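Below, in structure tokens: the form predicted alone, a single chain.
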């Protein structure tokens, strides 16, 4: 398959920058873009967050509904995550049903949260076999300039940490904060110009190769690993990425904790 002209030229440019240990926006290889996080910007959600990474802007909203537990899990609630990217977010997104890319975004974020066990689904049970809470995480991209995975994942966990179960509205008790046992945070790395970089922007994603998404929890526990696109990485590269992800996770965790509201 031939390489389109513009991406081909971009890949050559990114390779030249890589040889000089540079990036298109002047960042270091493992340096993230400027990060802004706003807590509960959506009034009608039970918990929400807005995250801006460079020119990538996303929202996450948490809602709750009463569900009938599944017959094989009568004492458990549920979790559902979906991602929506409108055409206004970027030229690569089109109207219509969810694309494979948006479905992947929702699934990767969901997996990191689900596998961490931060939400005890047994505690979501209201009446075994009859009523349980279902946690719904809606992710929306306003602007896509790369690394929607990390932006969505960060917005989702901030929204969850500030979410309130609306028990009074459903007449099943008193309102209470959603309890989380840990804080999973995703760090994504993209191979650009023959080396892995952190928090790839739109140009680096377009001209890059394989990527990896790592969700880490408390004490550096690995909750999920997701590799995307074609290609492979060496054990040395993986160790380098994992060490960088653990350090970045601690930085992001400090930010998340500073956002806590009473």
Partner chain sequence: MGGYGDVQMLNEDGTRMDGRRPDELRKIEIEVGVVPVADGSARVQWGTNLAIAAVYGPMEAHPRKISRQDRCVLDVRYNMAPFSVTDRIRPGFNRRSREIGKVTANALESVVQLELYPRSKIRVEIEIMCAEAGTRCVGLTAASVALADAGIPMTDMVVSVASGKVNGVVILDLNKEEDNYGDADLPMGILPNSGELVFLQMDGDLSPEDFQEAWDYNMGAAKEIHEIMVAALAARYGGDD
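Positions refer to the first chain, counted from 1. Not measured: the values here are computed from a predicted model.
Heads up, the form predicted in complex with the partner chain isn't pictured, but that's what we're talking about next.
The listed set 67, 37, 42, 222 contains one residue whose heavy atoms approach the partner chain in the model of the complex to within 4.5 Å, identified as 42. Taking a 4.5 Å heavy atom cutoff to the partner chain in the model of the complex, the contact residue among 76, 183, 162, 82 is 82. Among heavy atoms of residue 30, none comes within 4.5 Å of the partner chain in the model of the complex. With a 4.5 Å cutoff on heavy atoms, residue 104 does not count as touching the partner chain in the model of the complex; it lies far away.
A residue is said to contact a partner when one of its heavy atoms sits within 4.5 Å of a partner heavy atom; residue 88 meets this definition for the partner chain in the model of the complex. Contact check for residue 126: every heavy atom lies farther than 4.5 Å from the partner chain in the model of the complex. Per the 4.5 Å heavy atom criterion, the partner chain in the model of the complex is contacted by stretch 93-101, the sole one of 93-101, 173-181, 187-195, 116-124. Along 167-206, a single residue, 169, places a heavy atom within 4.5 Å of the partner chain in the model of the complex.
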